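A lone chain, given as structure tokens: the form predicted on its own.
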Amino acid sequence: MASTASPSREELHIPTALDNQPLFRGMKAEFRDTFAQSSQIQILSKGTILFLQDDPAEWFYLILSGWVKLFTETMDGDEAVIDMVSNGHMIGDSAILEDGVHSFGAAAVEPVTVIRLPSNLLKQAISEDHQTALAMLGSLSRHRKRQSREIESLTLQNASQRIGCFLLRLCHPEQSMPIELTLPYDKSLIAARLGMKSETFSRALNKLRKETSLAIKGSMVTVSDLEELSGYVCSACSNEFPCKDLHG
């Protein structure tokens, strides 16, 4: 189920949220204002489908809070999780460059607040405003860079290192030790996001715990030595922590 917030609250929050996005920041004011007027804040319950693979791309979304699962279906009907995204991420915007259909599905894995924006207006803005077109190219470039990092991780890191890399994404180098983390969503989803079966994830997590000083209890993780964890993870990576791709 999706509910729409009252118009007065939308008008207060949507322009600010859009201004924080590189895609809208350099956009002509007339387009940015039209987006703000044509968009809606939606509060989605857990399990709500935003769109499915091969659906017409009528809308794209800016996530304000909560986690959204991006997924595809395999030929035998299984679900493959391709990403988990949260606040500040836009989803579905690239579909206007892909024959106007979504190449993946998106679903809320917890209560989520999003801004729903019209795809036809984005297509018009890209056609008529070169700054928007350049911003869109920049967004696609960052996405491609992130995908390349994901492929490198899957190719070069073992299962325990991939889990450690996931945990590093939740850490910041300026935090004082120990760092107390809460896993952002279910372990089964983390396993799927990292390309593992649940049993492989459990074994790899136990190995990570034995080979580092991590303390793990349920969904709580304590990182007592960030340098130790980053050394273990980044030994099989071309970058060192802190890496902007971890937080991008």
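Numbering starts at 1 and follows the sequence shown. Note that the structure is predicted; figures quoted are calculated from it, not measured.
This protein has a second form, the form predicted together with another copy of the chain, left out of what is shown; the following refers to that one.
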Classify E174 as contacting or not contacting another copy of the chain in the model of the complex by the rule of any non-hydrogen atom within 4.5 angstroms, answering yes or no.
no
I'd like to know if E79 sits close to another copy of the chain in the model of the complex, meaning any non-hydrogen atom pair within 4.5 angstroms.
yes
Is A107 one of the residues lying within 4.5 Å of another copy of the chain in the model of the complex, judged by heavy atom distances?
no
Is the gap between L18 and another copy of the chain in the model of the complex 4.5 Å or less for some heavy atom pair?
no
Another copy of the chain isn't shown here, but in the model of the complex, which of 203-211, 52-60, 181-189, 32-40 has heavy atoms within 4.5 Å of it?
52-60
Please pick, from T113, N158, N120, S94, the one residue with any non-hydrogen atom lying within 4.5 angstroms of another copy of the chain in the model of the complex.
S94
Could you list which residues of 116-153 come within 4.5 Å of another copy of the chain in the model of the complex, counting heavy atoms only?
I126, S127, E128, D129, H130, A133, L134, M136, L137, L140, S141, H143, R144, K145, Q147, S148, R149, E150, I151, E152
